[in-house]
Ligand SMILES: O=C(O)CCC(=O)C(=O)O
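Below, in C-alpha cells: the form predicted on its own, a single chain.
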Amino acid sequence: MKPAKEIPRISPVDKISFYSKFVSKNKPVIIEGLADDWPAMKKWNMNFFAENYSKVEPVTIAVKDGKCDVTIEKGVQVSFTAIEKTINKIIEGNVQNGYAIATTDDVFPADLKNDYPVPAYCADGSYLRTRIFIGAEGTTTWLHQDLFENLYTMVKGKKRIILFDPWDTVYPQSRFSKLPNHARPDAENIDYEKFPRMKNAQPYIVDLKAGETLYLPSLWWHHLKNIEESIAVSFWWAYGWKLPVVWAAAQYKKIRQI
C-alpha cells in the first residue's frame, strides 16, 4: 500500500460547518472533545455492563483467532446472548474463542441513553440508529463499508481503524454474495500476490482513543482492530442521495418479515 495519510483533527464546530466541510464532501475527520460531557466517559467499563445489564441479550458475534466470525458462505454469524455469558471472556481478553458485542442500543433499558446524548450533527438525521460495541483487546472486524453516515466515538480503550475511500481498489466481495459490503484482503497483512492492485491503495490510519469521535463517511471502507479492551458508540444516519436507497431497503425488510 501507499504510505498512510493522516485524517484531520478538529474541535467541535457548528452543524452547518460540519456538513459543508465534511459530510457534503464525503471526507473523514476526527473530532476531539465531542463526548467530553457524556456520563458514559466516567461510568462505563466492562464491570459496569456486567453488574447492571447481565441479563440483557445484545447482538453478539463469535470471535475466532481474533477475527469476528464472518464467512462468505454464511455471512456474519450472530446470536442474542446474555451479557453474563460473554463479558468474562471479553474481560479475560479471549480472542481465540471469545465474543464481541455489536448491538443496537434499544436492547438495553431506555435510561442507558442518558449516558451518551446524541450529537447535534445527527440528532435529526433520517433513519438514525445507535450501536454499542464492546470487545477484547485484539478483536478485529474485517474490511467493509456501510451505506450510512457514521459518528464513531470511543468511550473506553483504543482502536486502530484503517480506511480507504469508496473508489479505492480493495477487491470487494461479489455484490451477490452474503457479504456484499465486505472486501477480501486483510488490511493489516495484505497478500499482494492475490491482490496486486492493493499496492496502489491509499490507506488512512487512525488510532482512535477514548474521548475521540471519527466521522466515518458513507461507503468508506474500514477495518477495525482493538488495540486495547474497548467500548464504542456509533451513530448511523442516512443523508443525501442514499435516502431513497435506505427507504427501499427498509421496505424490502418489512416485506420479508410478513
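Start at 1 with the first residue shown and count on from there. Model, not experiment: these values are computed from the prediction.
What comes next is about the form predicted together with the named molecule, which is not displayed.
- Taking 115, 146, 168, 186 one by one, only a single residue has any non-hydrogen atom within 4.5 Å of the named molecule in the predicted bound form, and it is 146.
- Of the candidates 31, 224, 40, 208, 224 is the one whose heavy atoms come within 4.5 Å of the named molecule in the predicted bound form; the others do not.
- Only one of 216-224, 186-194, 31-39, 46-54 places residue heavy atoms within 4.5 angstroms of the named molecule in the predicted bound form, namely 216-224.
- The putative spot formed by 141, 150 and 234 is fully lined by the named molecule in the predicted bound form; each residue has a non-hydrogen atom within 4.5 angstroms of it.
- Shown alone here, residue 164 lies farther than 4.5 Å from the named molecule in the predicted bound form, counting heavy atoms only.
- Though the partner is left out of this view, residue 121 does not reach within 4.5 Å of the named molecule in the predicted bound form, counting heavy atoms only.
- Contact residues in stretch 119-138 (any heavy atom within 4.5 Å of the named molecule, taken in the predicted bound form) are limited to 133.
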